[in-house]
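As structure tokens, one chain now follows by itself in the form predicted on its own.
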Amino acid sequence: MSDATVNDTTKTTGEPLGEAYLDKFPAEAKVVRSALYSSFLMLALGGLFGVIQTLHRTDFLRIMESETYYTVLTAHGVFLVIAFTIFFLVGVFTWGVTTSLDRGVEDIRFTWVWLGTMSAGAVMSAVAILAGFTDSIDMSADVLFTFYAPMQAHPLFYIGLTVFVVGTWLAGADWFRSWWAWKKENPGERIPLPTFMVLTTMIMWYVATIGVATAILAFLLPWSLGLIDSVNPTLTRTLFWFFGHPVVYFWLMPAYMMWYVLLPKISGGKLFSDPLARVVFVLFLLLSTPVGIHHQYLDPGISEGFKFIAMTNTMFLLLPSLLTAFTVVASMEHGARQRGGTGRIGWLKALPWRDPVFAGMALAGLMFAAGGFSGMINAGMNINYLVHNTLWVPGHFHLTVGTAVALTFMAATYWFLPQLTGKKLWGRSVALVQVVLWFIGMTFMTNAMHRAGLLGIPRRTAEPQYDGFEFEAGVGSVAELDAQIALGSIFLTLSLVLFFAVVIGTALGSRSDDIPANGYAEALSGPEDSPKILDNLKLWFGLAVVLVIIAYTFPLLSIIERGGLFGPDITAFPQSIDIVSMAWVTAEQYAVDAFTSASEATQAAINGVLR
């Protein structure tokens, strides 16, 4: 579409008007809307538990016992990084496939089946987690997001996760069916870019979830049901991180998709290079799974050689992220120059910073650059030892998942809501304040977390103060770091309140004819400029499997050889109640022994006097 056409067809929104997604795909719009609303519910719950645990840990407001902290932390992690992100991405992927193929899904009933399956799984896991808040129900799942042994949850938690993941598998099958049907109708055509991104992401997901499916179905679920006595903790940790690292890209790649196909459009320009975007997604498919062992540098059951190989593989993952940074910035510059921007950096002023969709995505991308640098620290084998299990790590993933992904999703919501409801976005200025407030809040929080990590302040604990011990801060003070974390958390909570105000205000609004047309950015260099081999998904799937086999076969055999398939007989954690009971029994025994000894001594003394 020419620039002149853009100018002729825009009204108040600055975007061309036309047929909204709801008008073109009414049945699919209901599914996407339901998926997004489900993700918003998870976002609300996860955000609530986030501010509660942050204020408790920083000692600013304590409304719960510290032993409940881990239930809150589990709810915060699972609701946000699994449920919020994945419900949102299945909605976006459905939009991407149907929009780019210009056809509906093959069978909308099947589409509702996988969304219902995901919802059922999420409810089961949520019940297991939330039951931990009451003693009247014998159920809990205080295992955090990293739910490997020896932490053990109620079986319902594992069953729910399994059902949820099966729902995502069915969703992928739905999108592949749609592509295969389109392919028969369009032989020889290149895969449209959004569909290409969805399919490569799902292939990565199918490969990555083999690890977590094995961990749950073969070990954790039978263990929680009492069918087996023990598991090998190192084995379940390794299988978890087989999935646990690529799941990060399962959240990130939809954000990348938004940066590639929506951000250039909102900027007023075109995507710099379609072929480069395809290369990036192929690289993520190949490289994201064989690197999970870099999360286990401190695990004693894995040899240093395997860890070194994982480190070198992880460094290769910087390449697609750097390619993305170059392509997205180049696309934004093209858009800015179409809007009259000039100069080497002066074009930045011509970008639509008052548009919450653009501002949110651009700020998310900026924050992700900072997260990339801290990620390189995490990936380094030696320097990782310095920050492992400190607040540095939550600081890193609050930059990546908490900002790059979450802020991009919230900003994209302001574009999707009118498309899915046919209603104008309510509170455009409020939405702009919301994304900026999120950026400021996360700046406070992550800055303090990274600095606290360098001081060695631990994560995953409700009581980092340790009575009788004080941390010495190189710059500022620990109290100042706590204040920044608490302040950031409050800003983020206010930002969430504004987000839901905009969502609810838009949902309750009236239909409008002033909705921007559905679509995505065209490319300066289109698919015709890329080698056809990039569209050979069978080839990339085969290579991804081979790389995984090479990376994991020998480490897994080594772990099983050392610890056995089911490991030593261990007791599940958390076992705080057992520890307290044992401590009480021990103290009681000491008291009885002391009293007996004192009595005997007293009796002996009395006998001596009487003699």
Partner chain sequence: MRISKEALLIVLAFTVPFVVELRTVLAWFHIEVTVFESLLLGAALIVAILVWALFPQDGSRDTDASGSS
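Predicted model only: the values in this text are computed from it and were never measured. Numbering follows the first chain given and starts at 1.
The same protein also has a form predicted together with the partner chain, omitted here; what follows describes it.
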Inset, instruction - Name the stretch: of 360 to 368, 111 to 119, 528 to 536, 456 to 464, exactly one has residues whose heavy atoms fall within 4.5 Å of the partner chain in the model of the complex. - result: 360 to 368
Inset, instruction - Flag residue 355 as yes or no: does it have a non-hydrogen atom within 4.5 angstroms of any non-hydrogen atom of the partner chain in the model of the complex? - result: yes
Legend entry - the partner chain contact in the model of the complex: residue 177, any heavy atom under 4.5 Å: no
Inset, instruction - Report yes if any heavy atom of residue 337 sits within 4.5 Å of a heavy atom of the partner chain in the model of the complex; otherwise report no. - result: no
Legend entry - 4.5 angstroms heavy atom contact with the partner chain in the model of the complex for residue 278: no
Legend entry - in the model of the complex, the one of 351, 215, 282, 199 near the partner chain [non-hydrogen atom within 4.5 angstroms]: 351
Inset, instruction - Quick one: from 103, 424, 270, 428, grab the residue that has a heavy atom within 4.5 Å of the partner chain in the model of the complex. - result: 428
Inset, instruction - Any residue of 423 to 452 with a heavy atom within 4.5 Å of the partner chain in the model of the complex counts; write them all down in order. - result: 428, 432, 433, 436, 439, 440, 443, 444, 447, 451
